[in-house]
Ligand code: USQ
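Next up is one chain by itself, shown in structure tokens, the form predicted on its own.
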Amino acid sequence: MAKRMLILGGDGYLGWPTAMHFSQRGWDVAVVDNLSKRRWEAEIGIQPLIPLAPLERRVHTWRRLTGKVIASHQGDITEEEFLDAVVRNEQPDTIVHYGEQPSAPFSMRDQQHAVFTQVNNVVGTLNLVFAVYRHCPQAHIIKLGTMGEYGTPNIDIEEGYLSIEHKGRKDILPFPKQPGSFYHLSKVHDSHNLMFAARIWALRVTDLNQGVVYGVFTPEASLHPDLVTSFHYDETFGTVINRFLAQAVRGIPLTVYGQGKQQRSFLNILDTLQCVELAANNPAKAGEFRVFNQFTEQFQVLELAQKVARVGRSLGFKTEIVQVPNPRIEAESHYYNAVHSNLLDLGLQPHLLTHQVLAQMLGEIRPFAKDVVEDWVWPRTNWNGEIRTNLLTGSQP
């Protein structure tokens, strides 16, 4: 029998490519989404660069092209009865949990957005834990975490746990977390709740602490325009490399926050799919809460901008770099070295950020260059809870 997978947040940037990836490989896949990401985009007045088909049309097109079925359930996982019924009826072997508000700037806009982010993310995860415990306790939960949970400690970042010696005694404890936003705090709360549930109910949990993702086209998404996933370049939902790419094709200066010495972990969207597949095919044991640091490379932000600028110029784009006041409260110059060996040990074959990869991505979004809205790329959300004006134009969001 085919394995059954339930994907929470299956309409999202990573959720939809994951659904197609596993469906193509013979899994019975069902997705859950309340389409809230599309509403949040409308709330702040932005949209993805490449037009997105509605979820139901995506599902229909996928079935027409491949003959494979992706079931869809529209509803909110913070509603206990809805999620409980879905888990009970689907009886998944594996649950991939992307179903959360995913943006640090969104969570830092004001009190309302901070509270919403934490309630939405923590309650949804708790509802999942209880539904799995009640209806399919052998299922493997793969939760998308973030490297941002760790912060930037002045020691090497291990994979979830740290060996401690204190006053002559030793133990292995969860790695200390220093998250940098209310969003990242919500992910820490998720990790603690899932670790607790694994311990007391013998659930199987893998926490994928993911770096910053870039890219948009996967083999499945390239089959038809209806199947493409979202590509955000705005300051709220856009990841930094995707933002730089959009700025490059539009001829907008690449916005580097502050000194640009902030170091982060990165991976190609193709490697996100590869990592989730490795985790799904090698599930955690009963009672195990394991942590994989999911990334392939580490860069300084300014270094990334320089990479994109060089490739952009080689393709004829006008690519300049501008350093703007950092809206975030963070260390801009710091030590950063994170371990990421667990997925490599399982067989991860990284797609690295080469000149060729950047050139390919610039070519993929080049047809949409005229649709890039310049105002959307400038930082507006201050970590002090204020929405500021565009530094160059003086316009309000």
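This one's a predicted model, so the numbers in the text were calculated from it and none came from an experiment. Heads up: residue numbers just count along the shown sequence, starting at 1.
There is also a form predicted in complex with this ligand; it is not shown, and the following applies to it.
For the candidate set 109, 184, 140, 250, a heavy atom within 4.5 Å of this ligand in the model of the complex is found for exactly one residue, namely 184. Just one of 215, 92, 312, 238 comes within 4.5 Å of this ligand in the model of the complex, counting any heavy atom, and that one is 238.
Contact with this ligand in the model of the complex, defined as a heavy atom within 4.5 Å, is made by none of 131, 205 and 283. Within 4.5 Å of some heavy atom of this ligand in the model of the complex lies at least one heavy atom of residue 257. By the criterion of a heavy atom within 4.5 Å, residue 147 is counted among the residues contacting this ligand in the model of the complex. Using a 4.5 Å cutoff between non-hydrogen atoms, residue 102 counts as a contact of this ligand in the model of the complex. This ligand in the model of the complex comes within 4.5 Å of no heavy atom belonging to residue 113. Only one of 220 to 228, 131 to 139, 166 to 174, 238 to 246 lies within 4.5 Å of this ligand in the model of the complex by heavy atoms, and it is 238 to 246.
Shown here without this ligand, the chain has 210, 211, 212 in 193 to 232 lying with a heavy atom within 4.5 Å of that partner in the model of the complex.
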